[in-house]
Structure formats: structure tokens, C-alpha cells
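Here's a solo chain for you in C-alpha cells, the form predicted on its own.
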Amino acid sequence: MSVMKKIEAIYNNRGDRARELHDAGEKIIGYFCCFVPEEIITALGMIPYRIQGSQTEAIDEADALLEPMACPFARSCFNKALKGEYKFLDGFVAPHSCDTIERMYHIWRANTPSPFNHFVNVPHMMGPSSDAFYKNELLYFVSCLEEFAGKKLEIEKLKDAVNLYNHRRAKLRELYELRKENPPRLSGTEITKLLVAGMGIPATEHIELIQEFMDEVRKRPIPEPDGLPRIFIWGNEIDDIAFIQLVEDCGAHVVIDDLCTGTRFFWEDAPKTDDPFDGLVQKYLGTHCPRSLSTQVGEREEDLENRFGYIRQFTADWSAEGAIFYIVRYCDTCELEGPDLKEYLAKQNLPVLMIEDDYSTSTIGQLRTRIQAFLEMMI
């Protein structure tokens, strides 16, 4: 079986490997978002599983318990839980990544409790006191997880887990380097499949998959120049290939992203520190996310540069010629951040298409027209 077939099999049958491991006696801990350290779960001998929704299944049960104005990604995940699709989870962990996830944690726990349930309170305003607060939250998370696991966390095992996940991050960054080619030998659709597939399997297996895929990509012939626009994608959760594939089918190369399910979760390493918890705090609170705030620096232009300078670097290094914002409807954090980022990118002479979507494949036809018009404007 080719490596791409392997990736597609895992992507198309999400949860199968986790169920298999659960049935074999392993403990599977489901979690949301980029602010729950997988290293801690792994160091205690359990397997982290990033909870995902479904853009193809109707939300037909969750709306009885969650307001329909809430984030459709979160509602879709909860809908799957209500239908028993997450019964294989031995634990459920949610961070205060946004108000919807915070509210949903309590509703989820009340209606579909796992043997272990935990909420990680993540500060929104960044600063020295935030570091201390989040570290205490992680230490409390460890103590609760230790009680559930029936064993103590060994610091050496935590350091080993940090090294393991830093290795995976380095491999993913190495893979992204290949997207700098013009045109790239790998597509954004393939990358999305690989990233989503990795969210439901142990890190060691994902690393092997990344390496196999990278080796296969490097053997591909260098394609002829095609003149298609190079696109940067910004937004929140894209755990389905439908949107990325649509952009590429319309005649573009998706070459770089700033997404919860993309660069946000792996771009920065956890630095090696004497106390590994200090490194975890630096890594996870350093995650670029619209939900995190920092004290304003200088006047508006300086503040925008401070907030979005890393995106300017992304678009320059990957030679992006346009940006598409994919914002899941009712995501207040992205909807508030989007206009400022659009203004910033306009000053970099980067055209922007802002899309608000329902986290559903049913809207693909309408989106196709808008994306085609945007790409035609760029040519």
C-alpha cells in the first residue's frame, strides 16, 4: 500500500486506531484545541486523541442542549459524542480556548461523561502572571491525571515526551519546507489529510507516517511551472479536506497556513528547561491564536506588526500571493481578529478573501463561485 493510501485510510476512518488501542487496554484521552499538552498525557502512558467534528453529518441532536448560535464545529463534536461515537474515550479534557468550549465542557460532561473529565483554565491575557497561573493549572491537571492513571508522573518520562513531540514538530516543519517550491510537489489537500490523520494516532506512528510521506514526495518529479496563485489560509478549525481541496480545484496552490489544525499546533517547540513544565508553559502560551491577548505595543501600526509579524514572515517565505480567511460561523475570536489582519495584509499588498462558513460541505457550491472570482482577480 502506498503511503498516501495509508494516510487516506486513517483520515477516512478517524477513530479506528484509537478504538483498536482502547480495546487492547490502552487509555485514550480526548481533548480539544492547541492548549492541552499532549506531552503530559503521553508521559503518563496514555494516548492523546484530538476531538474532531464532521462537516458531512447533520447536527441533529446537539442543538437540543446547545444554542444553535454556538460554533458549529463545537456543536458537531458534541453531536458525535451524543451519538456514542466517542465512547472509546477514557478521558475528556477541554481548555478554556474560547467561551463556547468552556460552556460546552460542562454540558458534555453532564450528558456524556467519560471516566476522567478535566477542564484546563488557560489565561487569555498574556504576561508573567499568566505563565505562573497556567503552570499551576498544568500541575493540577497532572495531579488529577495521576489519580486516574494510578501512578505518578516521572519527570524523565515527561522530558522524553517533550523530545518526542518536538521531533514530530520538526518533521512537520521540514515537510512544510517542501511547499516553498514553485510549484510545490505536494498539495495542501495532502497535507490536511496527513495532519488530521495524525490527530487520532500515537505520536510515534504519526512521525513514521510523516517521514514515509516526505520520502515519497522527494522522489516525485519536479512539476513544470504553471503560474497558479500561491495561497495562504488563515482561520480556525479545518479538519476536513473539502475546503482546501476546493481552493486547489479552483486553480491555486495552498502553500502555507495559520490554522488550529495546521501550523498553530506544531510551529514552535517546547524549549528544554530544567523544569519541563516551564518549557511547556512557554510553548503552549506562545501559541499564536486570536483567543490570546497581549498588552498593546505602541501605536496601531506597531501593534499590528507585533500581533501579525509572524504571518508576514509566513507569506514572504512561502511566496504567498493572496490570502483566504476561513472562519467558522459564530467564532467571535476570529471574527474580531479578521478585520485587523486583513488591514495588516492589505498594507503588505496581499489581497484577502474573507469567508464565514457553517462548517459544512453543503456550502461548497456557493464558496466555489467566490473563490473562483477571487483567484481570477489575482491573475
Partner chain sequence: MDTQSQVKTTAVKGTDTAREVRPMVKDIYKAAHEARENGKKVAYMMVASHYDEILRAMDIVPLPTENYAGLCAAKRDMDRFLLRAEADGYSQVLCSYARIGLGFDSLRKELGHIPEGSPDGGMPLPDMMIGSSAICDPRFKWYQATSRYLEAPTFSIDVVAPPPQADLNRVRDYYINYQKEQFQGLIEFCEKQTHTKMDKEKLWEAIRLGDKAWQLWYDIDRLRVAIPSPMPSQDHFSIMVAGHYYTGTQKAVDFYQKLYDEVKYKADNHIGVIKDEKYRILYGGGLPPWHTLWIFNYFESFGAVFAIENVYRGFDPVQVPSHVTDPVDFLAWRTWLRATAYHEKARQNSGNPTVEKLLGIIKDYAIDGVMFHACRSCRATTVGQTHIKTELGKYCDLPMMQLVSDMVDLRDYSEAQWKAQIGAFIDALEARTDQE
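Since the model is a prediction, treat every value here as computed from it, not as a measurement. Numbering follows the first chain given and starts at 1.
Omitted from view is the form predicted together with its partner chain, to which the following refers.
*Stretch from 340-348, 309-317, 22-30, 36-44 whose residues place a heavy atom within 4.5 Å of its partner chain in the predicted bound form*: Looking at the partner contacts, the answer comes out as 340-348.
*Is there a non-hydrogen atom of residue 216 within 4.5 angstroms of a non-hydrogen atom of its partner chain in the predicted bound form?*
No, residue 216 is distant from the partner.
*asked:* So, residue 58 and its partner chain: in the predicted bound form, are they within 4.5 Å at any heavy atom pair?
replied: Taking the distances in the predicted bound form, the answer for residue 58 is no, it never comes within 4.5 Å of its partner chain.
_Would you classify residue 116 as touching its partner chain in the predicted bound form, given a 4.5 Å non-hydrogen atom cut-off?_
Residue 116: no, not in contact with its partner chain in the predicted bound form.
*Is residue 50 one of the residues lying within 4.5 Å of its partner chain in the predicted bound form, judged by heavy atom distances?*
Residue 50 lies outside the contact set for its partner chain.
*asked:* Between its partner chain and 66, 70 and 105, in the predicted bound form, does every residue show a non-hydrogen atom at 4.5 Å or closer?
replied: Yes, each of 66, 70 and 105 comes within 4.5 Å of its partner chain in the predicted bound form.
_Partner-contacting position among 155, 178, 293, 170 - heavy atom within 4.5 Å of its partner chain in the predicted bound form_ = Of the candidates 155, 178, 293, 170, 293 is the one lying within 4.5 Å of its partner chain in the predicted bound form.
_Give me the residue from 83, 124, 159, 87 that has a heavy atom within 4.5 Å of its partner chain in the predicted bound form._
Checking each option against its partner chain in the predicted bound form, the one that comes within 4.5 Å is 124.
*Going by heavy atoms, what in 113-141 lies within 4.5 angstroms of its partner chain in the predicted bound form?*
Residues within 4.5 Å: 119, 121, 123, 124, 125, 129, 130, 133, 136, 137, 140.
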